[in-house]
Each structure stands twice: as structure tokens, then as C-alpha cells.
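Have a look below at one chain only, the form predicted on its own, in C-alpha cells format.
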């Protein structure tokens, strides 16, 4: 380097914004050193003051004692980049802080118009290739998100104090309050329907007391956890997708990423853990309401005393039956949380995109619940549970 030209604002003090131009030996390349605190409310250097009549082919910006900064530094860099683009010069900012580079890149991308794609006729092979590539990209994104969530759970186990427990408790309360009424109604009615259908078939054979067996096993092993999970997918999963989708549209998620905050740890993990912990509790509650529904039908339609119904249920329904349903409910809750958070964080930046993400979260959550239930049914059958 052969020369250095400090800007007028560079001699005012240590905390004042500075920008110095250092010219290379050939005179065609230069390094711009930015330092100090950059504030819109104070005097900051300008690109015109710094360069003047200087002509350079390559411009590299580095930080030299850079302190606090706001959009004034970003405007300074944007003006420099615009000058380099107009003069067909290279503008390198790799030596700047990562968050400043990300913010500059997002601003540049948002201001660059993208050419509209011209629709062209494609054959069957091209369409199949396009669909395959799209499916591959979506699969990679989903696996990446699941992997980040898994690493986040491991981090919570290692450093529980760093986890946002208050946010998790708030989400747990929301899961309980919003799901309790509909879970109560649906579970009770499911028990009533199962008992009513079983009574029609068993009463002619004098085996009405076995209604308790059928209802108890059906509810604790399948219907209780399944119905509670479907209700949670339609309510909590959709709520997660809508909340995160609105944050995506309002660019709040982009702001967190620009500040270097992990959106998975900050937004997804508290919701995932909340719904995973609350799902077994709601499933157990649904089991109780379903058995009460069967007891109501037996007492009113079959004249079976509640005490006899309860004794028969205890004799037939074992701890392994209840435990199997609760184990499945844990994975149901995890599937609901993953579907809601994934669809919300991958939402398109529009109001229609939020609606599509919400709908997709519900469909994906229910599909994952059914798949998980089928897998557990196979596993329990092999284990003889």
C-alpha cells in the first residue's frame, strides 16, 4: 500500500464513524477500512468524500475497529457497490462481519428484479425430471429441518438452562386450553358410539357385559390417542403454521437469521417440546372420557351398573395397553409439531401462502399420525403387546 486518505469524519474521535482509503502500488486497486460507530444521527463519511476523483478497478471493504452500526453503514456500502457496478469494478465485502454481509446481500437481492420465466412446452420426460428434482429438494429441506430439531433437542439436554422454558410453558398452556373442550366432547362421543355399536351386536348373544372390554381396549390402544392427535393437528398444528407463516411474511424470521439467532432453537423447539409433552396428557384424558362414554351407554341402554362396567374394564385393560397408547401419543405430538413448524417456516411470503401453509400443516400432520400409528401397530404385533 502506498497511500491512505482518511475521510473528514475519521479524525473526530475513537467512537465516530471512520472510512479510510488505502491505494495499492499500481493505483488501480484499493482497500476501504471502515471503523468506529456508524449512526444516522451523527456525521458519517460518504463515498464521494472518500474517493473524490480516484479511479479503481477493484474495491475491497474491510472492518478496522468497527463498533456499533445501523443503516448508515449499510447505505454507505450500497452506494459504494452501486458506484462499482456502474463503473464495472469489483466490490468485495468478504472481510466484513457475517451479519452485515447477510443484510447487504438480502437488500441487494430484494432490489434486483428477476426476469420472468417464459413458459415453454415440455415433454413428459422433462416434466418427470422437474418433479423429481422438486421432490428431491423438498426432501432435503425436510431432512435438514428434522436434523436441526434433533440437534436442538440434544443441546437442550446438555444445556437446559439455555432453553426458553417460559415460551415452552406458554405453548403448553395454549395446547391444553384450546384442545380440552373439543377433546372432551369428541372422546366422550367416540366412547358412546363404540359402546352403542358393540351393544347392538353383543346383546342378542347375552354378552352385553363385554361392551366394556371392547370399548376399553379400543379407546386406550387406538381411538383415544388417535382422536386427540387428530384434534391437535387441526388446532395446534394449524396454529403453529399460521404463527410462523405470519412471522415469515413480516420478515421477522429473516431478522432473527440476520442477527445470527437460530430460528429452530428460538421458535420451533419450544413449540415442539410443548406439544410433545402435552400429547400424552391429552391422550390419557381422552381415554378416561371415552371409557365414561361407554359406561353411559351401558348404564342407560344395557342396564349394566357403573361399578360392574368399571370392574370389567379393569380386568380386561392392562397397564401395557395404556402404556402402548401413551407411547404412540408422544410420537403423534412430535409429528404434529414438526409438521406445523416446518410448514410455517417454509411458508411463501404472501397471505395466500399462510393459508396454504396452514392447510398443508394439518394434512401433513394427520398423514404422519396415520403412518406412525400403522408402524406402531406392526411393532406391537411383532412384540406381542
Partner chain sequence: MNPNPSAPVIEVKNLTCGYGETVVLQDVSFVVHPREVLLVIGGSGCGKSTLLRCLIGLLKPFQGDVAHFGRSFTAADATQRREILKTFGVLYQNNALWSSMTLAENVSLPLEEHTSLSRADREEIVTLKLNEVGLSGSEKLYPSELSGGMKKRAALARALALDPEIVFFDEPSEGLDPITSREMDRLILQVRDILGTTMVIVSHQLSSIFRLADRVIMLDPKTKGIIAEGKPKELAANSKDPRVRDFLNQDTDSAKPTSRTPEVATEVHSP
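Positions refer to the first chain, counted from 1. Each form is matched to the other, and the largest set of C-alpha atoms that superpose within 1.5 Å is called the rigid core. What you see is a predicted model; the values in this text were computed from it and never measured.
Below, we refer to the form predicted in complex with its partner chain, which is not included among the displayed structures.
In the model of the complex, which of the listed residues (180, 299, 261, 82) lies with a heavy atom within 4.5 Å of its partner chain?
It is 261 that has a heavy atom within 4.5 Å of the partner.
Tell me, which of 135, 310, 266, 176 has a heavy atom within 4.5 angstroms of its partner chain in the model of the complex?
So the residue touching its partner chain in the model of the complex, by this definition, is 266.
Have a look at 223 to 231, 192 to 200, 91 to 99, 273 to 281 and name the one stretch with heavy atoms inside 4.5 Å of its partner chain in the model of the complex.
Only one stretch passes the 4.5 Å heavy-atom test: 91 to 99.
Residue 140 versus its partner chain, in the model of the complex: is there a non-hydrogen atom within 4.5 Å?
Because no heavy atom of residue 140 falls inside 4.5 Å of its partner chain in the model of the complex, the answer is no.
I'd like to know if residue 39 sits close to its partner chain in the model of the complex, meaning any non-hydrogen atom pair within 4.5 angstroms.
Close contact exists here: in the model of the complex, residue 39 approaches its partner chain to within 4.5 Å, heavy atoms only.
Is it the case that residue 103, even though its partner is missing from this view, gets within 4.5 Å of its partner chain in the model of the complex, heavy atoms only?
The answer is yes: residue 103 has a heavy atom within 4.5 Å of its partner chain.
Can any non-hydrogen atom of residue 69 be found within 4.5 angstroms of its partner chain in the model of the complex?
Contact with its partner chain, yes.
Need the contact residues for 239 to 263: heavy atom within 4.5 Å of its partner chain in the model of the complex, sequence order, or none if there are none.
In sequence order, 247, 249, 250, 251, 252, 254, 255, 256, 257, 258, 259, 260, 261 come within 4.5 Å of the partner.
Spell out whether the Cα of residue 324 moves at least 2 Å between this form and the one not shown when the two forms are superposed on their rigid core.
No, the C-alpha position differs by under 2 Å between this form and the one not shown.
Superpose on the rigid core, then tell me if the C-alpha of residue 72 is displaced by 2 angstroms or more between this form and the one not shown.
Moves: yes, 2 Å or greater.
If you line up the core, does residue 63 shift 2 angstroms or more at its C-alpha between this form and the one not shown?
Yes, its C-alpha moves 2 Å or more.
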